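Okay, so here's just one chain, in structure tokens, the form predicted alone.
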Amino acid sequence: MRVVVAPVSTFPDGERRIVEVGGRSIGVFRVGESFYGIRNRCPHQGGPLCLGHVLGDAVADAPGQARVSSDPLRIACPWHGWEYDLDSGQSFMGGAMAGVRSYGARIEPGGSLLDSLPARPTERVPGPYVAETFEVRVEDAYVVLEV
């Protein structure tokens, strides 16, 4: 089933639309020129997933050069913080996970420490849940959801 969500011209970058299709609530997100569709129900405990924040990874190539990466993009459920990849629906460790040990930190001159920085993990650890995702595309200047 194809559902026209909106004309692309009325769907600005960073916006989300929640539509009802066949008894399912589905969030459609625009991030840059990409569109994503994901079910508005968190598999963890049924929360309104699409009301959560869209997240990227905080990355830095050197001290003072932090930025937010848009790959992969995740959405965090507003109830317990479980995170789901917007493209695949795969869950990742969220706020409901047990706490972790904390360690002291201090400020030191950064230039001499660059070579001793630990390598950034290359992959996230998948969680036990997968949110239902849907294909979203642009057809004749309209955002179309495929359910």
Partner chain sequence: MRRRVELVDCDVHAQATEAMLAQYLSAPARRLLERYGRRTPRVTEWYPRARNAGMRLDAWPGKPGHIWGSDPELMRAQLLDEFGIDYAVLEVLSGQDCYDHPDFAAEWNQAINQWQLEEWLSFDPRLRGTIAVAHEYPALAVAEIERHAGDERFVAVLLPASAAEQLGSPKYWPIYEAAAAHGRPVAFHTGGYVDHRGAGYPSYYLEYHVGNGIVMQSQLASLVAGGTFDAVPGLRVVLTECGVAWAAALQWSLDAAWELMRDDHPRLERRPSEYVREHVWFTTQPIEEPDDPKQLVWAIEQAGIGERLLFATDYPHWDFDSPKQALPRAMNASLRRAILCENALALYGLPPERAVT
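Numbering follows the first chain given and starts at 1. In this text, all values refer to a predicted model and were calculated from it rather than measured experimentally.
There is also a form predicted together with the partner chain; it is not shown, and the following applies to it.
Asker: Even though the partner chain is not shown here, does it sit in the predicted complex so that Val5, Arg17 and Asn40 each have a heavy atom within 4.5 Å?
Answerer: Heavy-atom distance to the partner chain in the predicted complex: none of the three under 4.5 Å.
Asker: Determine whether any heavy atom of Glu83 comes within 4.5 Å of a heavy atom of the partner chain in the predicted complex, and answer yes or no.
Answerer: It does: once the partner chain is placed as it appears in the predicted complex, Glu83 has a heavy atom within 4.5 Å of it.
Asker: Given that the partner chain is not shown alongside this chain, does Gly52 nevertheless sit within 4.5 Å of it in the predicted complex, heavy atom to heavy atom?
Answerer: Heavy-atom contact with the partner chain at 4.5 Å: present for Gly52.
Asker: Using a 4.5 angstroms cut-off on non-hydrogen atoms, would Arg30 count as touching the partner chain in the predicted complex?
Answerer: No, no contact at 4.5 Å.
Asker: Might Gln90 be said to contact the partner chain in the predicted complex, defining contact as any heavy atom within 4.5 Å?
Answerer: Answer no; every heavy atom of Gln90 is more than 4.5 Å from the partner chain in the predicted complex.
Asker: For the stretch 66-86, return the residues whose heavy atoms include at least one within 4.5 Å of the partner chain in the predicted complex, in the order they occur.
Answerer: Residues within 4.5 Å: Ala76, Cys77, Pro78, Trp79, His80, Gly81, Glu83.
Asker: Knowing the Cα distance between Gln65 and Val31 changes 3 Å or more in the predicted complex, does it shrink or grow relative to here?
Answerer: Their C-alpha distance grows by at least 3 Å in the predicted complex.
Asker: Just say closer or farther for the C-alpha distance from Ala62 to Gly32 in the predicted complex, relative to the shown form; it changes by 3 Å or more.
Answerer: Compared with this form, Ala62 and Gly32 lie farther apart in the predicted complex.
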